[in-house]
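As structure tokens, the next two blocks hold two forms of the same chain, structure 1 and structure 2.
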Structure 1
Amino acid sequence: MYGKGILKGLGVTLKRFADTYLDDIKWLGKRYYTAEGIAHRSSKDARGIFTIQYPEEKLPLPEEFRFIPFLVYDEGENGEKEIRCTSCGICAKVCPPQCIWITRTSDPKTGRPVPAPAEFYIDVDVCMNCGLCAEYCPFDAIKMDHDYELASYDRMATNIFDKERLMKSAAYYAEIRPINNTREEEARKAKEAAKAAKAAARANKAA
């Protein structure tokens, strides 16, 4: 029979259309704009139309999701920002598209370099989000962000991030990557304990 395939296809569309409303009735209005509704529509048990109503709804991001890099700073006792970056330049060297530019701070009296960046720029339109800068950074000073909503009309005005725009707190990093942060903090504490033990051993030997 001619047109049988077309009728089958229309039947699939009609079934999905009906399932959407049946699922809506089953969930009593809680299928949209709730965390449970988003999780249900993302699962294999979803029926009917299960797209996310972006931007009102957003899928939860996995911890390893990576987008534009950011610079991590620790908060001092008086609330000052203590940036971890030492402007060593490793991130700029390993960056495949070469979208990172760093200017090291110099002591105004001696002219010697200071381990802190005077300027730090990332062209987010060139960045390929590979994460090599974060992987190679020896000071855990640069990490990959979860913020992907960066659309703009003027890339030269908004999409070349400077140091101030790139800086985010260690607390923010712990919030978006709790597992990685816990692992890094444990490794950092173990390293400090080993260093303290080594210093104590040298002191005892000298005594």
Structure 2
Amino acid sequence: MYGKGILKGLGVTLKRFADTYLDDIKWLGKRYYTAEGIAHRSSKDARGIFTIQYPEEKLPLPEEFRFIPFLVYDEGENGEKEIRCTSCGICAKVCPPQCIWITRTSDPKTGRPVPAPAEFYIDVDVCMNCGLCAEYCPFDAIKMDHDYELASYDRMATNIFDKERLMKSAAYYAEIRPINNTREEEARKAKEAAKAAKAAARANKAA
């Protein structure tokens, strides 16, 4: 029969339409603008309307989400920023499009390198968000950010990020990547404990 396929198709569309309202009634207004509602609408049980009303509601970002890299600093006792980066240059070497520029600091008296970067630049217009820098950084100093709202009117002025622009606190990092942060903290503590034990053993031996 002609037209059967079209009717069938319309039936599928109609079912989607009706599903939205069935779910609306079931959730009694909690389907929108609430965390559970968004989670439900992105789950395997989602039916009917699927839209996330950005910017009013935003999709929750998974922990591993990566956008532009940032540099982690620890808060010092007097509120000064202690950058974790030692300017070892691994991130610059591993970066596939080579968008990281680092200037190493040297001690003005001795001329020997100091483990902190004097300058650190990332060209956001070249960065491919691959996350290799964060993956291979031995000091947990460079990490991938979750902030994706970076649109600008003038790339020449804004899109080469300097050290100031790249620095974000360790607290912020712990907030966006809690599981990773805990794991790394533990690994660092274990490493320090091992170092201390080794030093103690050496001291014992000497004594």
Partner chain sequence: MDSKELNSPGYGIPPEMQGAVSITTLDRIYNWGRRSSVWPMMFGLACCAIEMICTAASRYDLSRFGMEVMRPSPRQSDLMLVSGTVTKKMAPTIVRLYNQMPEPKYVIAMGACASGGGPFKEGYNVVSGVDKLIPVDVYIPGCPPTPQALLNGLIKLQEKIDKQSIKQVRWYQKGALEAIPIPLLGPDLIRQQDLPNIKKAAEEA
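Bear in mind that the values here come from a model prediction, so they are computed numbers and not experimental data. We call the rigid core whatever largest set of C-alpha positions still superposes within 1.5 Å between the two forms. Residue positions are counted from 1 along structure 1's sequence.
Visitor: Structure 1 or 2: which one is the form predicted in complex with its partner chain?
Guide: Between the two, the form predicted in complex with its partner chain is shown as structure 2, not structure 1.
Visitor: Treating the chain as rigid parts that move against each other between structure 1 and structure 2, which of Glu77, Thr51, Leu28, Glu149 sits at a hinge?
Guide: Where the rigid parts turn against each other between structure 1 and structure 2, we find Thr51.
Visitor: When C-alpha atoms are superposed, by how many degrees is the smaller rigid part rotated relative to the larger between structure 1 and structure 2?
Guide: The answer is a rotation of 12 degrees for the smaller part.
Visitor: In Å, how large is the C-alpha displacement of Ala18 between structure 1 and structure 2 after the rigid core is aligned?
Guide: Its alpha carbon moves by 4.6 Å.
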